[in-house]
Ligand code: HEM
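Consider the single chain below, provided in structure tokens and representing the form predicted alone.
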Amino acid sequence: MTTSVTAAPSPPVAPVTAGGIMRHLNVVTGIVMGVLLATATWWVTSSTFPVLDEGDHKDDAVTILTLVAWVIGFLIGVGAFVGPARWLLGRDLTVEDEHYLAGKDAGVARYFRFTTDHKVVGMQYLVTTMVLFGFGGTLAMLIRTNLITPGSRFVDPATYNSLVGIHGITMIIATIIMVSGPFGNFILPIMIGARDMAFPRLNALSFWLLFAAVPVLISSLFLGGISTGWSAYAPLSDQANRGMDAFLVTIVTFAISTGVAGMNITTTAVRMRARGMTWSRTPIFVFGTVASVALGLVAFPMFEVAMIELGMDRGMGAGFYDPSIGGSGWLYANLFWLMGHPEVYVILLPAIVALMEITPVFTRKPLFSFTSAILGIMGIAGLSLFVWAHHMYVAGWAPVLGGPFMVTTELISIPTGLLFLVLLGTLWRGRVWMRLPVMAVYALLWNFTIGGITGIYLSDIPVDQAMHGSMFVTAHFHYTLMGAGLTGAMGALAYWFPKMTGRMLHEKAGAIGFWVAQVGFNVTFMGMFAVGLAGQPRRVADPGTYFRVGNLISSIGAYTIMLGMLTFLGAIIYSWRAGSVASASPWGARTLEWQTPTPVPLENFEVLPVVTQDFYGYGEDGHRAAAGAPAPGTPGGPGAPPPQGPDAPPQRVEVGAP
């Protein structure tokens, strides 16, 4: 007799859900965890520090540690450390986990999570930048409203000084990230033929560090404000209220964010370019963006160290900047300006090269002297490290060095001029397809000419001694950072908006908003040049009746800027929601981002591209335009897509197996 044994069916294996704990983490859990950890830190430090306190630093120490705890708690709650934790536990992410992290099939929710897809990070940067500009612009309107009439008490003098300080640092942060953040993340990897950034998780970390810093900055409004101006000179900053604690935590967090982002963008551009994309075939936008973030990698740690030392002064009585115990205010001034002037070019370079990327497309001509553009970028990046002390001409520090720094400051106008010549040469004798993106080129040339020439004046010691601390200086750097930098960013947004959103930006509304803002800008800061020449000082809530007319004109101009920017914002929001659907390459451009479908697939390219020639080979089109070719935008004319068919000229980009 035989006995058969039948095995019991094994229970079904539950499918593994991709993402793990990350499925439950998002910006809301980040905020909750940040608030909980900050609250716990405040309670513990407030309870224990009386025993440890040996001076008057307790409140500052508690505030600094509480704000740092918020940043760390937020990053824990949003999931920034899940990947490293799993790696340490020997359970690194699976392919399915990586796809989940990249936001595959996640819809809108991926924008509110720790998402590694570079395109999502680019859009997160774009929205955050617009929010920062909105916040900083609102503060600017409060400042200008207070200056409409002499004797105004719209805000009291202490509040006015605080508004000036918070406005300044908010706009500096916004302008630093306005091009390299959105477009350096979304566009640059596709432009070089990569499927993502070199370090996707670090890419997401760079954004969420920035996000965590924003509430810290805003909290300074409720902690007494930033009364020292955005430069926060020591020893004034040693003696300031607790708003300065929020300022220094913001700067340290932001510096870490930019350092992570800069390292990532540089590595991506250097190591992940498509086959055949030699440096001579690499788009100019890549050169400028990499030079910008690499410059930031050198310069921003100076400010970060200055803020860490300031935190130790305020929270521990370390005395780095206190002369009574061996410190020095010169230490702070040099650390600050070692960052402060290169930071100008960290802002400007990406904006200028974005317009260099645009100009050949809308003139259908090659970029004029690609080599000169590279030399200009390299010259600016190099010389910008040797000009910082011109900010201290009247401070009394090392007057013997005034001459050398005056020379280096004037020399930097040479590589800057090369970039101008490249733009002008590309426009020269071209039949320009006058669309919104290329309008920004003309506006930048006007604005930066004014900003650059006035900068040459201020580089000379006698002129600087007369103008230092006046509204003339304020007008100069606004013409540089806003008139050139922000104008370039607006042009870049109009150009890449179809690829990033899948919609065309409403041309008429966008152009109206752009030009209204440009007119208002020139009215505002020409008025500031006038009152500055007449002697009006900066950071004064009530400068007196002598400057009444100039301040009224500048305030009217500021309201005009507000009207133009709100119109431009309205065009963005409307177009994003209901604009006409964009084709893959509405401008007929030849760089790689325009060779992908719209919307861009998760991994950008189904087959990695192979580059065989440069992307600026518009020579034949340009010659035909000069000889009376079809009108811009018509088949065969400037702005039209490249011709197709058996008789078409060979394309500069071939797509094939890697």
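These numbers come from a predicted model, not from an experiment. One rule holds for the numbers: they count along the sequence shown, beginning at 1.
One more form of this protein exists, namely the form predicted together with protoporphyrin IX containing FE; it is left out here, but the text below deals with it.
**Q** Of the residues Asn146, Ser575, Thr480, Asn522, which one places a heavy atom within 4.5 Å of protoporphyrin IX containing FE in the model of the complex?
**A** When protoporphyrin IX containing FE is considered in the model of the complex, the option within 4.5 Å is Thr480.
**Q** With protoporphyrin IX containing FE left out of view, which of Ala318, Ala80, Leu458, Ile308 would have a heavy atom within 4.5 Å of it in the model of the complex?
**A** Residue within 4.5 Å of the partner: Leu458.
**Q** Of 115-123, 460-468, 192-200, 325-333, which is the one stretch near protoporphyrin IX containing FE in the model of the complex, taking non-hydrogen atoms within 4.5 angstroms as near?
**A** The contacting stretch here is 460-468.
**Q** Please determine whether Lys104 contacts protoporphyrin IX containing FE in the model of the complex, using a 4.5 Å cut-off between heavy atoms.
**A** Judged by the heavy-atom cut-off of 4.5 Å, Lys104 is well away from protoporphyrin IX containing FE in the model of the complex.
**Q** Can you work out whether Ile374 and protoporphyrin IX containing FE are in contact in the model of the complex, taking contact to mean some heavy atom pair no more than 4.5 Å apart?
**A** Taking the distances in the model of the complex, the answer for Ile374 is no, it never comes within 4.5 Å of protoporphyrin IX containing FE.
**Q** Just checking whether Gly136 would be counted as a contact of protoporphyrin IX containing FE in the model of the complex - the rule being heavy atoms within 4.5 angstroms.
**A** No.
**Q** Any of the heavy atoms of Arg538 lying within 4.5 Å of protoporphyrin IX containing FE in the model of the complex?
**A** Looking in the model of the complex, residue contacts with protoporphyrin IX containing FE include Arg538, since a heavy atom lies within 4.5 Å.
**Q** Need the contact residues for 321-351: heavy atom within 4.5 Å of protoporphyrin IX containing FE in the model of the complex, sequence order, or none if there are none.
**A** Counting only heavy atoms within 4.5 Å of protoporphyrin IX containing FE in the model of the complex, the contacting residues of 321-351 are Trp337, Val344, Tyr345, Leu348.
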